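Given next, in structure tokens, is a single chain: the form predicted alone.
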Amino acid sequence: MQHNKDPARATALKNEGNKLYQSGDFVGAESLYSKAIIADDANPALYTNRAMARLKLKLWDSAISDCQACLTLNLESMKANYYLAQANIELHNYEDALSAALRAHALCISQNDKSLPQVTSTVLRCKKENWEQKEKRRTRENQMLEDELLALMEREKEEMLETCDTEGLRDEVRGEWDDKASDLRRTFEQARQGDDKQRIVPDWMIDEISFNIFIDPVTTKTGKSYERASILEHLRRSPTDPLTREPLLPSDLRPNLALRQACEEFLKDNGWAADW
């Protein structure tokens, strides 16, 4: 594929677009970024600039297209993955958003990017939104199951009533089946009440590198906790604190026994959280 190449013009247009973006003129910025892409359509950074403006304009699908175009040219673009996650959140595509956010997070760490706190917050939001969407789906499915079972019981009751030859026998059958229906409703209601108590994973249980629940948490010199396996893998790549970027060695890590015990107690009472 032949690309348009006028880098000097593209850079000039991008710089003008940046000025408009910073002043809050997102429509004007988006237009100039588009012209910059026409001048140099092989520059991946131009697509993320336009995606940034399109996010401000709530043009979610267009922003996604720009991020995908950027990633075609540069798979290592942290910004493209980050903006892709943001656009998918707005479209309620939480699984796609989570995948993009996790890629952005991994690139943030490997590139020692200063945006790590914001990207971490986005990953946690994606996980929560994805979990809540699954919870709503599970609740709907449980309600559908209850309705189907009650309808089936009602049909079976009517079939039995047709075989009864006295009113007294029919009353007896009605009573038995109504009791069964009440028991079924009570069982589902008790299950719902149990689910409603605690189906939220507290933030303090989540490792900000792997975004899984702590199993073996350790603390750094600053007091920040990470899952041991996650922080050791990070230190193998870069011997620095993920947040402060100060030097950090495995020998600096200390077990967080209180946090570990708290997570174990939560999981013991909330087995569903293992799917987080």
Partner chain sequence: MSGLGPKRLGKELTKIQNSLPPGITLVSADNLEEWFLDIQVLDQNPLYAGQTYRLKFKFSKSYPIEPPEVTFTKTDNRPIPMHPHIYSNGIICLDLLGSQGWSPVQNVESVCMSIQSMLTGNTKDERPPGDEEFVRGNRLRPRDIDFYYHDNTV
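Numbering follows the first chain given and starts at 1. Nothing here was measured: the structure is a model prediction, and the numbers come from that model. Throughout, rigid core stands for the largest set of C-alpha atoms superposing within 1.5 Å between the two forms.
Not on display, but discussed next: the form predicted in complex with the partner chain.
Undergrad: Is residue 163 close enough to the partner chain in the predicted complex to count, meaning some heavy atom within 4.5 Å?
TA: Answer no; every heavy atom of residue 163 is more than 4.5 Å from the partner chain in the predicted complex.
Undergrad: Heavy atoms within 4.5 Å of the partner chain in the predicted complex: does residue 117 have any?
TA: Answer yes; at least one heavy atom of residue 117 falls within 4.5 Å of the partner chain in the predicted complex.
Undergrad: Under a 4.5 Å heavy atom criterion, is residue 39 part of the interface with the partner chain in the predicted complex?
TA: It does not: once the partner chain is placed as it appears in the predicted complex, residue 39 has no heavy atom within 4.5 Å of it.
Undergrad: Might residue 211 be said to contact the partner chain in the predicted complex, defining contact as any heavy atom within 4.5 Å?
TA: It does: once the partner chain is placed as it appears in the predicted complex, residue 211 has a heavy atom within 4.5 Å of it.
Undergrad: The partner chain isn't shown here, but in the predicted complex which of 220, 34, 230, 62 has a heavy atom within 4.5 Å of it?
TA: For this set of options, the contacting one is 230.
Undergrad: Sort through 45, 69, 243, 55 and report the residue having a heavy atom within 4.5 Å of the partner chain in the predicted complex.
TA: For this set of options, the contacting one is 243.
Undergrad: In terms of non-hydrogen atoms within 4.5 angstroms, which of the given stretches 232 to 240, 46 to 54, 23 to 31, 247 to 255 touches the partner chain in the predicted complex?
TA: In the other structure, the partner sits against 232 to 240.
Undergrad: Do you see a C-alpha shift of 2 Å or more at residue 27 between the shown form and the other one, with the core held fixed?
TA: The answer is no; the displacement is under 2 Å.
Undergrad: With the core lined up, does the C-alpha of residue 248 move 2 Å or more between the shown form and the other one?
TA: It does shift by 2 Å or more.
Undergrad: Rigid core aligned, does the Cα position of residue 97 differ by 2 Å or more between the shown form and the other one?
TA: Where the cores coincide, residue 97 shows only a C-alpha shift between the shown form and the other one that is less than 2 Å.
Undergrad: So the CA-CA distance for residue 211 and residue 95 moves by at least 3 angstroms in the predicted complex. Closer or farther than here?
TA: They are farther apart; the C-alpha distance rises by 3 Å or more in the predicted complex.
Undergrad: What direction does the residue 101-residue 243 Cα distance move in the predicted complex compared with the shown chain, closer or farther, given a change of 3 Å or more?
TA: Residues separate in the predicted complex, at least 3 Å farther apart.
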